[in-house]
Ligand code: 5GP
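What follows is a single chain, given as C-alpha cells, in the form predicted on its own.
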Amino acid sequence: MDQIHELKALLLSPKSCVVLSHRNPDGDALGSSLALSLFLQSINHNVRVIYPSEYPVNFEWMPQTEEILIYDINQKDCELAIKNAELIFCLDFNSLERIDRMAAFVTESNAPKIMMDHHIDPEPFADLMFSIETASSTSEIVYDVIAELGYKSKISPLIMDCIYTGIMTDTGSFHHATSPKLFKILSELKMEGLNDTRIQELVNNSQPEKYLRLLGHCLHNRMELYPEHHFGLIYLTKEDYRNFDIRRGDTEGIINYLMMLKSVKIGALVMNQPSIVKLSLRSKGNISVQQICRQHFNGGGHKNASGGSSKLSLEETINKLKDALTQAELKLTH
C-alpha cells in the first residue's frame, strides 16, 4: 500500500520521534506504543513515549515503562519533546481531544503525523492513517505495519510481549473482537517463543490485596440486576474511591464478573471519579454497546466492549444509561 511506502521513506534515516497515546492509557495503549517504540529504536531512531496521565501499576513490568513521560507530571519535558519531534506517532486514539492539552502542540508541529488506531470515525489530523476498524487492537495494527514494512525479523521477544499484552487486554482475554487473522498472528508469535502464560500472570494475577476487597464490596454492595432487561450494573461512589484508595487500574476487570451471569447480556460499570463519571459497558452476542456510548456518553470502542463519560451526577448518569438502553429497543432473548 502507498502509505507503507511513504512511512518506509520517512524511516530511512534516523529521526527524533514521539509516540503518543490517550489519557488513562490501557493495556493496548501501552502495548502498541511500547512495541512501536522498541521497533523504531531497533532501526536507529530516537524515541520518547508520552501519555497525558499515568498508567496502571499492573503494567509496570513492561519494557522501558520507567522512561515514559507523563504530561500531568512532566509538562515541560513533554512539550519540548513534541516540539522537537521529527515524526509524531499517534496510537490508539483518532481524536486529538483524547490527548488533552498535548493536542495543541501536536497541531502546531510541522512534523509528519502517523495515526495507528482501530476506533471508528477517525479525525483527519494525521498525514498517514493506518486506521483499521476491524482490527482487534492497535497492537495488532502495529504488528501488521512492522510486517508490511519488511521488518518482521525485528520483532524481538520484548516487542512480542508488548504486542500480546495489547491484544490480550483489548479483547478481554480473547472474548471479543477476535478474527482468524488475529489467531494466525498469535500463532506466529507463539512459534517465535512468546510466553503467553507469563504475560497472563503478570497482567491478571499480580493484584494487591485491596483489589479483592474492592471486588467483594462491588459484588455485595454495589451490584444491581435487572433480569427483565437482561441488564446488570455495578457503580462506585466518590466515597468508595476514598475508602478503598482506588487508583488507576484498580477497577480493571470488575465488569467481567457481571458478564458471568447467564441473565446479564449488557453489563455496566459506572464510576464516580473525582472530576467525572466514567462508564464501561460490555455486551454479549449481537448486542452493540458501542452505539450507546457514542450517542449518549461521548465515547465508543468495540461492539461488545465500549466506554464513555458523563458530566452529570452519578445518579443522573445511571438514569440516563437506563433510558438509553430502553430507547435502543434492544431485542434481548433468553
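Here the structure is a predicted model, which means the values were calculated and not measured. Numbers follow the displayed sequence, beginning with 1.
The next section is about a form of this same protein that is not shown, the form predicted together with the ligand.
For the chain shown alone, Arg98 is a contact residue for the ligand in the model of the complex, at least one non-hydrogen atom being within 4.5 angstroms. For the chain shown alone, Ala305 is a contact residue for the ligand in the model of the complex, at least one non-hydrogen atom being within 4.5 angstroms. Residue contact with the ligand in the model of the complex: Asn298 places a heavy atom within 4.5 Å of it. By the criterion of a heavy atom within 4.5 Å, Arg23 is counted among the residues contacting the ligand in the model of the complex.
The three marked residues, His119, Glu252 and Ser280, each reach the ligand in the model of the complex, with a heavy atom inside 4.5 Å. Annotated contact segment (heavy atom within 4.5 Å of the ligand in the model of the complex): 280-288, selected among 30-38, 280-288, 56-64, 43-51.
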